[in-house]
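Shown next as structure tokens: one chain only, the form predicted on its own.
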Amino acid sequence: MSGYPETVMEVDRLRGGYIQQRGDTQVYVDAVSSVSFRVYRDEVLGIAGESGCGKSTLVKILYGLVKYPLIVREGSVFIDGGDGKIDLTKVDDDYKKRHVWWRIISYIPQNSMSVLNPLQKIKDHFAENLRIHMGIDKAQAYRRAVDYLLDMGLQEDVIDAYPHQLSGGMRQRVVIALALLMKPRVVLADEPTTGLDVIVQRGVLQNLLENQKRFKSSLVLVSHDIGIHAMVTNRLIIMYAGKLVEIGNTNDIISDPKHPYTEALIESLPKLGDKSLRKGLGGQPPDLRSPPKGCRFHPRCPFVMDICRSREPPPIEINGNRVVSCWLYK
């Protein structure tokens, strides 16, 4: 429909989690619980929340990297494959490896060494992918790989190096270049600056954003750091205990948070020139093996009502561009 952004990925009532062994019994634990949202063409969508809220699990399911004990119980993840929609929860790994991963959707994990083979030079990683996905011979693949890497601003000493010979920041730049090699429609980045100092973080993020815009990919960026989201994302998802509690334009969420959990996250941020003691969020996230009835945030919420303790709030649309799951707005 004219006037609406183009959807490249649609997540519908997604539910997934882990099988845990308790003695002789296997128990399912929700990590992502009935999550729905869309990813639009060319946007940078952020996902934020405390550690353990389900951010990384959600990204693995979106990518289709579902290995036991992680399972998907319900829902769908549709991605625009160019000639039709593909439900990543319904296709097997062989199809994903041949037709989906790298070409349509790619993944930047927290640890670059989990992607890079320590026994291969950097140029070998790129040449191998080009041979697999483009069906070209080895010599052509190497020529294209070197040309691409030079075009991405990487020097020849990096191209001929082994992963362990590079700094953490340079390895992340290599992984970003690898993720964008086949110009995928969607790039998933799970805490891509973890373990890097602030200056290197900024360089890696700038590199990621510049190339995301250059290749016109949509970027889904996971980070617990609201400051990073404020700098780079267009829209922001806030997760709590496996649930999506708020989604909207990043600037709107940071300047006017609606959900009490979002408000607590924003209030905890240091502000330039403000020396007052920042407010923390009391209590602990719930144990997802036995989450509280009703709203999962209610044991920590300063605005808790009786309904919060018994009924889960539905997603509520506010002003046409914000969705909040909170009984304060019903």
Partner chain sequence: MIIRYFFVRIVYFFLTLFTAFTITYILIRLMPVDAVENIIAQMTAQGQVYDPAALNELRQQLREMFGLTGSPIEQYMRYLISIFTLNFGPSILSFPTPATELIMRQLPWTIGLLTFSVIISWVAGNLIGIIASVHEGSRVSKILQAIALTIYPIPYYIMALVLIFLFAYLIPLFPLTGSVTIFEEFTIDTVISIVRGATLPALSIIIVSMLGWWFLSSRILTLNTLSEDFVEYAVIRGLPWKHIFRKYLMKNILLPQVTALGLALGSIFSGAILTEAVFAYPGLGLLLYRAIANGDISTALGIVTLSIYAVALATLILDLIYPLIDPRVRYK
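Numbering follows the first chain given and starts at 1. It should be emphasised that the depicted structure is a prediction, and the values quoted were computed from it without experimental measurement.
As for the form predicted in complex with its partner chain, it is not shown, yet the points below apply to it.
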- prompt: 91, 132, 146, 71: which sits within 4.5 Å of its partner chain in the predicted complex by any heavy atom?
  reply: 132
field: its partner chain in the predicted complex reached by all of 38, 40 and 191, non-hydrogen atom within 4.5 Å
entry: no
task: Using a 4.5 Å heavy atom cut-off, indicate which stretch of 301-309, 286-294, 29-37, 62-70 touches its partner chain in the predicted complex.
output: 62-70
query: Given that the partner is absent here, does residue 162 sit within 4.5 Å of its partner chain in the predicted complex, heavy atoms only?
result: yes
message: With the partner left out here, check for me: in the predicted complex, does some heavy atom of residue 118 sit within 4.5 Å of its partner chain?
response: yes
task: Indicate whether residue 245 is a 4.5 Å heavy atom neighbour of its partner chain in the predicted complex.
output: no
message: Taking its partner chain as it sits in the predicted complex, is residue 102 near enough to touch it, meaning that at least one heavy atom pair lies within 4.5 angstroms?
response: yes
- request: Check each residue of 296-330 against its partner chain in the predicted complex and list those with a heavy atom within 4.5 Å, in sequence order.
  value: none
- line: Per the comparison in the predicted complex, the residue 113 and residue 195 C-alpha atoms (change 3 Å or more) are positioned closer
